[in-house]
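The chain below stands alone and is given as structure tokens, in the form predicted alone.
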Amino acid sequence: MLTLLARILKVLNSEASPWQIGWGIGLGLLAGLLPFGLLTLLILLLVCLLTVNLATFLLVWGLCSGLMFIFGDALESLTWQYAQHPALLQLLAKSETLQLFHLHHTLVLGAFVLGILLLLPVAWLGTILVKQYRGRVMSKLQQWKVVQMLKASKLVQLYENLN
């Protein structure tokens, strides 16, 4: 738990732009909601091509994958109710592209739709929260004597050099 907190603080205090961290959160959420497959690999490719914070992406991906074990059944049953529309069933049955991405499975379809709906608001909210943290909290933490003493210690400098 402490290493997770340390990684989050390291990303928040890094030189990465708030947008890189925000998009890392949004795309990590999208990848974490989806079962591993071709869609997840395309998201991973997108993360590698864009300047998204990879540490944030991987952290959020792992956390959201764990949440899908809890909420996956509810999401699948909700999607099943909407997937019974005849036009959607016909589209899903005939389209080879959608079958290639496994969007004919109700869990994948529901997770993809939910992830796409949440992508922009989560990325925007993550960006705003990083800016707020850096503007208000980080500057005040840097002024604390305890933090200044810890930063000056040889052990912390050695740890930072190893990373």
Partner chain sequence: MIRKSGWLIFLTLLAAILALVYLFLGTAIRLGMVYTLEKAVGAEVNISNVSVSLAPLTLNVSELQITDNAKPTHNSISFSNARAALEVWPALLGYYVINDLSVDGLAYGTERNSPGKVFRGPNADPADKVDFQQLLRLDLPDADELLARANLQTVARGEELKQLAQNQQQVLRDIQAQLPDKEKLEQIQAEIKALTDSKIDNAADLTAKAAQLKKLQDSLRIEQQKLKDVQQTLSQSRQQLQQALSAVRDASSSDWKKLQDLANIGESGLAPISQILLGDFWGERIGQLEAVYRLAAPYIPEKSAEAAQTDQPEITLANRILPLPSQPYPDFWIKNARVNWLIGGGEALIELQDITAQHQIINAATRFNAEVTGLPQLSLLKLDGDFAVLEQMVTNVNWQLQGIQVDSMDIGRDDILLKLASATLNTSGKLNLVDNNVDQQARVVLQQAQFSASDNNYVQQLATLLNQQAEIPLNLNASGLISAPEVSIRSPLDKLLADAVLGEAKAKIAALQTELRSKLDSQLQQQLGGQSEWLNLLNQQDDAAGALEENIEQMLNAKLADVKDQAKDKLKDKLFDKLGGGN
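All values derive from a computational prediction rather than experimental measurement. Residue numbers count along the first chain shown, from 1.
One more form of this protein exists, namely the form predicted together with its partner chain; it is left out here, but the text below deals with it.
The shortest heavy atom separation between residue 116 and its partner chain in the model of the complex exceeds 4.5 Å. Taking the partner from the other structure, its partner chain in the model of the complex has no heavy atom within 4.5 Å of any heavy atom of residue 65. None of the heavy atoms of residue 112 is located within 4.5 Å of its partner chain in the model of the complex. Although the partner is absent here, residue 80 lies within 4.5 Å of its partner chain in the model of the complex, judged by heavy atoms. Considering its partner chain in the model of the complex, the lone stretch of 129-137, 25-33, 116-124, 103-111 in range is 103-111 [heavy atom distance within 4.5 Å]. Applying a 4.5 Å heavy atom cutoff to its partner chain in the model of the complex picks out 48, 49, 50, 51, 52, 54, 61 from 48-62, in order along the sequence.
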